[in-house]
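In structure tokens, one chain follows: the form predicted on its own.
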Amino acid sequence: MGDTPTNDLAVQVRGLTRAFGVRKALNDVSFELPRGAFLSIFGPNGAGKTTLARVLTTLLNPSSGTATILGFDVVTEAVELRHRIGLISHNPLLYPDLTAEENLLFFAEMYALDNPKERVSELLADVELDHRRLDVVGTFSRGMLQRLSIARALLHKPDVLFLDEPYSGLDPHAMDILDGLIAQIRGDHTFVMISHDLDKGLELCSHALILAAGKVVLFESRDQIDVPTFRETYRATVGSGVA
């Protein structure tokens, strides 16, 4: 794996389009995000939010346009890029027949981490699952699975962390744990979060993007946002039926 290309941008998207047959889930999307930023992406169901996340995390190739993360092209340099990003999504990406510890050690081996047992123990403590480290993951609640998936995503200390509705299905205690983890590592990562929770998304973000029908409706830095106007734009977008 080579050195990271010199680039002050964490994310650079240019004319990104992804079509499924005749339907364009993403339609000429463009934006730039500096390193260390926290982007919250909002939009109605079917707006293209998850498709955008899948393209940016190398899980789906675009139909046209380009996207780079940390200067790496998401298509031609996907292998190198995967070592530098993390993903928390609806799917915890865990093996139900393995214990919590075995799951994390498996992924630690994939990333060739130094001192994997130490790192796994540290993260299990951070997500308050140390007492369940030897329990099979198939017995975990939804909230516990999500907490363990957070630990999985953070194992290799990714430069950019993608969060696809990370608070979905979490109980209040698990939400507090996630809030604490984000605050703890905020200075070490760039974040891209998809959220239906406008209050939480605006609370966390340094930049915000509204997506509808695969197009960018609004993209602004947090200090440029007039919250009442933003809320009205969001409500109009969600209620427009264009998604």
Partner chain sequence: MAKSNSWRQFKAILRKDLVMELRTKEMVTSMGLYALLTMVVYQIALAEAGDSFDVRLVMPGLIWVAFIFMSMLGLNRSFVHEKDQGCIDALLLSPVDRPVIFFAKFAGNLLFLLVVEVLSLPVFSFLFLQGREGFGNPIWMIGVVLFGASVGISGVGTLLATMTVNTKGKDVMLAVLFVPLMYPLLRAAVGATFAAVIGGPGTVETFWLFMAWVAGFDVIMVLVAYGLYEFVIGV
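Each form is matched to the other, and the largest set of C-alpha atoms that superpose within 1.5 Å is called the rigid core. Please read these numbers as outputs of a predicted model, since none were measured by experiment. Numbering follows the first chain given and starts at 1.
Omitted from view is the form predicted in complex with its partner chain, to which the following refers.
**Q** In the predicted bound form, which of 122-130, 106-114, 69-77, 168-176 comes within 4.5 Å of its partner chain (heavy atoms)?
**A** Of the options, only 106-114 has residues within 4.5 Å of the partner.
**Q** Spell out, yes or no, whether the shortest heavy atom distance between P158 and its partner chain in the predicted bound form is within 4.5 Å.
**A** Taking the distances in the predicted bound form, the answer for P158 is no, it never comes within 4.5 Å of its partner chain.
**Q** Find out whether any non-hydrogen atom of S141 is located within 4.5 angstroms of its partner chain in the predicted bound form, and reply yes or no.
**A** Outside the cut-off, so no.
**Q** I'd like to check something about I185: if you look in the predicted bound form, is any of its heavy atoms closer than or equal to 4.5 Å to a heavy atom of its partner chain?
**A** Output for I185 is no: heavy atoms all beyond 4.5 Å of its partner chain.
**Q** With a cut-off of 4.5 Å between heavy atoms, is A151 one of the residues that contacts its partner chain in the predicted bound form?
**A** Result no; A151 lies far from its partner chain in the predicted bound form.
**Q** Determine whether the C-alpha of R84 shifts by 2 Å or more between the shown form and the other one once the rigid core is superposed.
**A** Where the cores coincide, R84 shows only a C-alpha shift between the shown form and the other one that is less than 2 Å.
**Q** Once you overlay the rigid core, does the Cα of V160 travel 2 Å or further between the shown form and the other one?
**A** For V160, whose C-alpha is compared between the shown form and the other one after core superposition, the shift is less than 2 Å.
**Q** If the two forms are fitted on the core, does V75 show a Cα displacement reaching 2 angstroms between the shown form and the other one?
**A** No; V75 is a residue whose C-alpha shifts by less than 2 Å between the shown form and the other one when the cores are overlaid.
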